[in-house]
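The chain that follows stands alone, in the form predicted alone, written as structure tokens.
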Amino acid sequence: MSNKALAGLRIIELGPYVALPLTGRILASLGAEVIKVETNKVLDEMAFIPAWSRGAGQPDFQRLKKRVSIDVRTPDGLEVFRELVKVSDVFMTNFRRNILDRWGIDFPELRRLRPDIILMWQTGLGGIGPYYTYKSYGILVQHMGGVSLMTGEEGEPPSAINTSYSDYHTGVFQPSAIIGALMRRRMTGQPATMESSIFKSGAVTAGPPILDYQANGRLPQRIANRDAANAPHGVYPCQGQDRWCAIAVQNQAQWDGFRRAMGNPPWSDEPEFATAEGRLSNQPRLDALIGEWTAQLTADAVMERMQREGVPAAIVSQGDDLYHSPHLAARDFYRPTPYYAAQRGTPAWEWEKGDSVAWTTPARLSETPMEFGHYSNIGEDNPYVFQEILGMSESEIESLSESGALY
């Protein structure tokens, strides 16, 4: 008997970008058979963004999945999709309900086809409420969630984290909800319909400022890399191009260790730096003095000196630091994987195939392996899904392909 946590379960993933594919990737790594349906010739946009089309991004979100291509706008394509729903345990999507309804696969229809199916609807802002009709993307939702109000330099406008910040939270929350719904179904036989919001996933990370406002009527202030109660606290320039080391002194013992790591420079004995209050009041000069010292050393050297004295410190990693990290290598973090060089206007089967590496699922379970798996090209798994799962003949598949229902 398989010890994969989700072995024997089949999941349909219908939707692009980050949060939903990340959800599917996690579930697939736990042993579920995840079928990624790319429909209406609207492919996952992540395959066409240059920064993601090679190496980590493209394989990471799609590994282990069975990728099929169906045009549900055609009657025959819709029928194939419906047959796939009948033999699946979970359907998850980030398409809007009006689009699904237009395609003939809205939630009531899915429930009719498979009464006990688990439905996960990922939205931007929510399925009900004043904003439910609005379109959204993760990099915008972080502003609505309040994260950007706390991000940036003092006196400057709010600053965005240069990624779809809340998508990654959503992509972790959703597998937990789906696994919980599957457990409930196993115990009670009852299905579940769930709605997940990227907006809410981001808002929950702004908890302390909400509590601060409730308790004190105080709004968060942008203070860049500094801390409201501790100093020094920031990133400091080091030798090399755009090299930095983060240092955070949180108490008197760490301040004493910090001074030792720097060789007890004369200025560190000045009364204005003797207490946390004094250091907080004199941060511009303090940061400048620290920067003069760190600039003479590599970021790794600064980190090592600080940590030897018990001071929290870490290099600010660049891509090559992560790629060549001996620690990540020791943890078997990267593994070889194929990729396909996506090209707009070129059929997927003509895309150039190459070799790269991708990161493994960060969580490691002692009794339930988290699989790595390979990356499939668009439509590569059509024969397996249509023939072995749905029992279609080669002539049926060929006929549907010629009609445009499959592609």
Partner chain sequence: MTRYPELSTIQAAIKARDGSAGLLGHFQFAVLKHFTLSISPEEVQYIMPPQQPQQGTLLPPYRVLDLSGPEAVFCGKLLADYGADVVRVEPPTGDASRSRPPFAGDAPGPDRSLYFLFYNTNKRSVTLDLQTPRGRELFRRLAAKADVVLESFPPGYMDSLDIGYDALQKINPGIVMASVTPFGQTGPWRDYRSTDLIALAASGFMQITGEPDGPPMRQGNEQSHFPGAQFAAASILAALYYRDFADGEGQYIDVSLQEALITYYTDAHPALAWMQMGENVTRVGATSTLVIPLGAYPSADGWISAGIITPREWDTLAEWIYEVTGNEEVLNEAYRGGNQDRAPFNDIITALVIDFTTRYTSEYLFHEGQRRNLVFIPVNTVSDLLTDPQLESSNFWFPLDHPETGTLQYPLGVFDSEEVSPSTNPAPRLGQDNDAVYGNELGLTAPELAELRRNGVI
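Positions refer to the first chain, counted from 1. Predicted model only: the values in this text are computed from it and were never measured. Heads up, when I say rigid core I mean the largest set of C-alphas that superpose within 1.5 Å between the two forms.
Keep in mind that the form predicted in complex with the partner chain is not shown, yet the notes after this line are about it.
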Using heavy atoms and a 4.5 Å cut-off, decide whether G146, G310 and F333 all contact the partner chain in the predicted bound form. yes
At the 4.5 Å heavy atom threshold, is D355 in contact with the partner chain in the predicted bound form? yes
Do A181 and the partner chain share at least one heavy atom pair within 4.5 Å in the predicted bound form? yes
So in the predicted bound form, does P157 come within 4.5 Å of the partner chain, heavy atom to heavy atom? yes
Just checking whether S376 would be counted as a contact of the partner chain in the predicted bound form - the rule being heavy atoms within 4.5 angstroms. no
Heavy atoms within 4.5 Å of the partner chain in the predicted bound form: which stretch in 238 to 246, 260 to 268, 287 to 295, 77 to 85 meets that? 238 to 246
Go through L100, M194, L113, A301 and name the one with a heavy atom inside 4.5 Å of the partner chain in the predicted bound form. M194
Out of 270 to 293, which residues reach within 4.5 Å of the partner chain in the predicted bound form, heavy atoms considered? none
Tell me, please, whether between this form and the one not shown the C-alpha of P115 is shifted by 2 Å or more, with the rigid core used for superposition. no
Can we say the CA of P237 moves by at least 2 Å between this form and the one not shown when the core is superposed? no
By the 2 angstroms cut-off, has the C-alpha of G126 moved between this form and the one not shown once the rigid core is superposed? yes
